[in-house]
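To begin, one chain is listed below as structure tokens, in the form predicted on its own.
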Amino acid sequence: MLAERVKTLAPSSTLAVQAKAKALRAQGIDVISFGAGEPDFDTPERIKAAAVEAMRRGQTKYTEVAGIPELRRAVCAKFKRDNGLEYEPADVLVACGAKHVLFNMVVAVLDPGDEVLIPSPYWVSYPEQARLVGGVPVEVATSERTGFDLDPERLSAAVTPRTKVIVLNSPNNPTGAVFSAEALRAVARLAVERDLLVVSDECYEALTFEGRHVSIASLGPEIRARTLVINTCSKAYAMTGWRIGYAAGPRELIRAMTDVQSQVTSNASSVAQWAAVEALAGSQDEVGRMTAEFDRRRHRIVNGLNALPGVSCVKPKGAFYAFANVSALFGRSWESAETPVRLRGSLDVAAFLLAEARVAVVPGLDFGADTHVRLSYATSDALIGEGLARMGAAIRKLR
């Protein structure tokens, strides 16, 4: 009954961890979850008020597939203000979240057998979306020693005649890496020389703690002409449930992606689009306050992880994730309900922490790094402290 393409499709591991934690809480079990990839802040009141006003004005009908003109103009203004990028509304597509933008892209760009270079560790959906349309994801490793910065030499070596796209994600999920301007310039030269499309996922742009965010599209007209820049309202404005993502790039590509969207979802929610206008065009004060709070938590959770026996963590420069190396725990064992279990990978470590510490983390296996687990620090100080304490107590019981 099912198509072959979905028989090997992996579900989102991050959403699976969230669902498992919620299910345990529903049973009355006290679980601390570090799985959520969303801010724990509420959407700012000014944005919610804009949505209410839009409903009162009757802005509840279908809109243009690519998004209301007001929002596309706001997106253009945001790119000019924050990134020094000049776009026109016809160069912009608004979709039901950045994940939807990415899927529009793979449908519009990839033919079966086309290769997509994906620096690893990577967000779980990049390879799965490519596979869904017959594309071939090619993982290109980065090094923990460099803070998971891009490795242009490895990317260059991975290019073949079938390579069509390079996917970049900075600040990065899951590592929190912020790619250096030097590495981005090298990748820009590679893309121009080899005629490749660059897809730059900049959803965590606002959460850059060290240095200034650099969009690869801002490094010159040649790379801008072959870059699709993707962003979202979800992270910077705590609007994950509103489902508004957007992209700007070559007009021919934007037109093709819009045609794909017209046959799949039509427009993003009209009311959410009006809320996004206010998010992008209004005061950005809340963004700064939220970023400062995440920065403070970043130091706390990384210091706490590095104090745990058998755990180490490179300090992330952006996003709200700590990517902890737990490989020193491999080979140790713990007493489960039935029989001793030896930890052999990130799946085992995540299962151990959930069972023994009642702490939910995301195994690194699905991010392309089985030696690590991902923890989101988009949660309260109290829960970070208690979660770390539980992890430490459980780890110390390992044999």
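Keep in mind it's a predicted model, so treat the numbers as computed, not measured. Residues carry their position along the shown sequence, with the first being 1.
Beyond the structure shown, there is the form predicted together with a small molecule, which is absent from this document and is the topic of what follows.
- Between the small molecule and the residues 304, 316, 249, 97, the one pair within 4.5 Å by heavy atoms in the predicted bound form involves 97.
- This chain appears without its partner; in the predicted bound form, the one residue of 148, 204, 274, 87 with a heavy atom within 4.5 Å of the small molecule is 204.
- Residue contact check for residue 200: none of its heavy atoms lie within 4.5 Å of the small molecule in the predicted bound form.
- Looking at residue 126, you'd find a heavy atom of it within 4.5 angstroms of the small molecule in the predicted bound form.
- Proximity of residue 142 to the small molecule in the predicted bound form falls outside the 4.5 Å heavy atom cutoff.
- Proximity of residue 185 to the small molecule in the predicted bound form falls outside the 4.5 Å heavy atom cutoff.
- Heavy atoms within 4.5 Å of the small molecule in the predicted bound form are found in exactly one of 68 to 76, 264 to 272, 216 to 224, 169 to 177, that being 169 to 177.
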